[in-house]
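Shown next as structure tokens: one chain only, the form predicted on its own.
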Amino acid sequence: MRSWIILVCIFLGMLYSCKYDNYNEPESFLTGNLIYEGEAINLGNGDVIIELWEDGWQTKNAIDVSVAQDGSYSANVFNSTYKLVIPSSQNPFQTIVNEITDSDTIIVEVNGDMHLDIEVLPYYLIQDVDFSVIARDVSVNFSINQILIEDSKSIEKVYLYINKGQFVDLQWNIADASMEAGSIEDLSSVTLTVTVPELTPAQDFVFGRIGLKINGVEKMIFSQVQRISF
């Protein structure tokens, strides 16, 4: 009798497991970019998270979507209605109040693959980036454009990051140089230089970009990644 009860329990468990495993896979992709005036902003890879909240889902947990270093994102989701939120803490930009929700929450109705760019307001942008090379010394000249004036935050530091591969930021680099805000004399012309170490295996190019750290904000804004030959 006891063995029969055990067999019944095992069968019911297998039946429940099959039912659980037979949920349909997400059928659609929600993709897009974080943009300012039509151009994607550049960030640390995975630094910024987008939250997708689906009303009525039993777990009541958000789907976390990482934003890539070029400002793009992609999420494989079910066809449904979602509330899209970018947690505001520690991002190098401000979100924009949505006209429909009267908040920074965006209502997204997914029914098939969908592209949605999200407009944000960066505190600063790095522009006019010009790299030059002498031997193994990489120099860059760039300008800093303050976007948010009324709700301004001051610059803490700027960085030049170099890496062997195309992921380049605070975590992904083989060489870096920096300058404190107090040493910046002219925001329209800032120069940094770094020496590229010997590379193993050898290659005659690296990737570089500029990062800008804002006082009181953990995440940085970046320039585009550029390939640099030497």
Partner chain sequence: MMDRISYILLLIILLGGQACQDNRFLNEEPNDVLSEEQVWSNQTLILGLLADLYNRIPEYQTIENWWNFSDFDEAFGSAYSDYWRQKNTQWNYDEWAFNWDNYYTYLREINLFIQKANSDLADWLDENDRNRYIAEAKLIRATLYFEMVKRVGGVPLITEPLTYDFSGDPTYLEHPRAKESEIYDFILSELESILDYLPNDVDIKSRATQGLNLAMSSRVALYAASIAKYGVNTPEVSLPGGEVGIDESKANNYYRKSLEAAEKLLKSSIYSYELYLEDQEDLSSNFANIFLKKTNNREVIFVKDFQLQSGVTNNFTVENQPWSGTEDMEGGRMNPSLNLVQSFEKLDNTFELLQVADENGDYYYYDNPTDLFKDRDARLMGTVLVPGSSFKNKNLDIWAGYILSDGTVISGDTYGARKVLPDKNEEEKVVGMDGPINSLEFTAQSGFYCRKYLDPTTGSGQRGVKSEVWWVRYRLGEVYLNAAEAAFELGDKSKAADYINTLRYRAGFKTDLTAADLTFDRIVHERKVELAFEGHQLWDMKRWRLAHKVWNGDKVDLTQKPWKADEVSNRVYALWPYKYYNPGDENDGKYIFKIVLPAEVTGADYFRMGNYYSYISDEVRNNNPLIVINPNQ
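Residue numbers count along the first chain shown, from 1. Just so we're clear, the structure is a prediction, and the values are computed from it rather than from any experiment.
The form predicted together with its partner chain exists for this protein as well; it is not shown, and the discussion that follows is about that form.
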query	finding
Interface stretch in the predicted bound form with its partner chain - options 99 to 107, 130 to 138, 69 to 77, 82 to 90, non-hydrogen atom within 4.5 Å	82 to 90
Proximity of Phe142 to its partner chain in the predicted bound form, heavy atoms at 4.5 Å	no
Exercise: Tyr159 in contact with its partner chain in the predicted bound form, heavy atom 4.5 Å	yes
Heavy atom of Gln166 within 4.5 Å of its partner chain in the predicted bound form	no
Contact label in the predicted bound form: Leu170 to its partner chain, heavy atom within 4.5 Å	yes
Residue (of Asn61, Ser183, Ser188, Thr193) lying close to its partner chain in the predicted bound form, criterion heavy atoms within 4.5 Å	Asn61
Contacts with its partner chain in the predicted bound form, stretch 210 to 230 (heavy atom within 4.5 Å)	Gly216, Glu218, Lys219
